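Below sits a lone chain in structure tokens, taken as the form predicted alone.
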């Protein structure tokens, strides 16, 4: 497929299916302290990676809408609203019982479901995710919320009894941490954002929610659901440029939890701005250069299939994507002989195109960046080994398999976060282990092989270098009940259904000596339902 054929994949306005065509949404309000605050200031236009032919024959990104660009004043107002709603733990939300918080969240999910079609469409238009994956992202997010609710019920049931140890009677429950600044990514703007937002809210914290640069508009239809499901000030939206609105919030020292899914560079900058680091808890998923190793005895059909999914699902724009493949010198040629054509067969197209696997890239300069890192590798002796790899038209980029990649090339260490797949040939497994040791990242790795001894020999060092080792399978986050974290610069804190609830809370205890008087006091409090914390209520 040459460039002109790629260009023909972009539709004219009348070729867009009616069910996926949306009128531009010009957002002129944002959620603050329980109100939809009107905005008449500066706005940011949202241009889709989906391009349409202009009158002059060029391809131009389609305008999807616009959203407010607020400033420092509005950011501090949102912070004040969250601080007041928390009120040092005495606010309505942190004082509310778990069952009542769950009821509020269930109300929210019901209202969220009413916006499913619009949100899915906006995911496609804003970030170019194909219809199947955009739909899966929404549905998986809803499932995650319900799973989180069920897990919280179980956690609360387990803590609904008193313990008597060493002459001390006590009850141990989990309490909120305070004000949370939540910042989500563009690649999973709904799901990844909500995997931090939802548990943080459920545990009784109040939220400042900064929308991502790409994928910001899709949150607008859900603001009313937040407003009408939770007490005022519990959820506050934060719009604007991160460099403008986030520093004053962090510098205030009033943020108790920073949760970010993004780059380690940004994380470092934000943490340094907080004046009281010992009071700041950070829960973050950051950079990754997940590596796969193909052993000499690997089933190459499995390796090709899983590496195809692992490297190129959503164009490789996943923190859990396989971003470099190490193939043993004895099988690298055969692997590439199978892998290259499989990559080239992936169907490019618009997000709604049936079977489209390669879709437009949301970042305006991404195709230039990808071309640059390929050129750097070629200057060092590597080549694109798959047919059509690296062909570009506007925001479409055909995946490129680059081989042989070695130390000194940018692709060897740099996280490309896109459809370029570097392949390294090795002769000794120790080369692969040393690569992981010297890498700044430590999220996941994949092992492809059939010899249990050889696989076991790699498992033991790898589990101490990365947080998850996948055997004959791609790197991935799911299932959501598994821990999701990373070592070194790849993460801080652990996210999964139960781990996230724990991350956004702290264990608190009420205790007293085992005396008759103290027992009578406890019984009076519990039987009279005089405390939300000190309670034996059982959530069904």
Ligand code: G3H
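Numbering follows the first chain given and starts at 1. From a predicted model like this one, the values you see are computed outputs, not experimental measurements.
From this point on, the text means the form predicted together with the named molecule, which you will not see here.
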item	value
Among 477-485, 59-67, 498-506, 36-44, the region lying within 4.5 Å of the named molecule in the predicted complex by heavy atom distance	477-485
Candidate from 318, 398, 214, 274 lying within 4.5 Å of the named molecule in the predicted complex - any heavy atom	318
The single option of 227, 174, 140, 101 touching the named molecule in the predicted complex, heavy atom within 4.5 Å	140
Contact flag, residue 386 vs the named molecule in the predicted complex, heavy atom cut 4.5 Å	no
4.5 Å heavy atom contact, residue 130 and the named molecule in the predicted complex	no
Heavy atom of residue 192 within 4.5 Å of the named molecule in the predicted complex	yes
Exercise: residue 188 in contact with the named molecule in the predicted complex, heavy atom 4.5 Å	yes
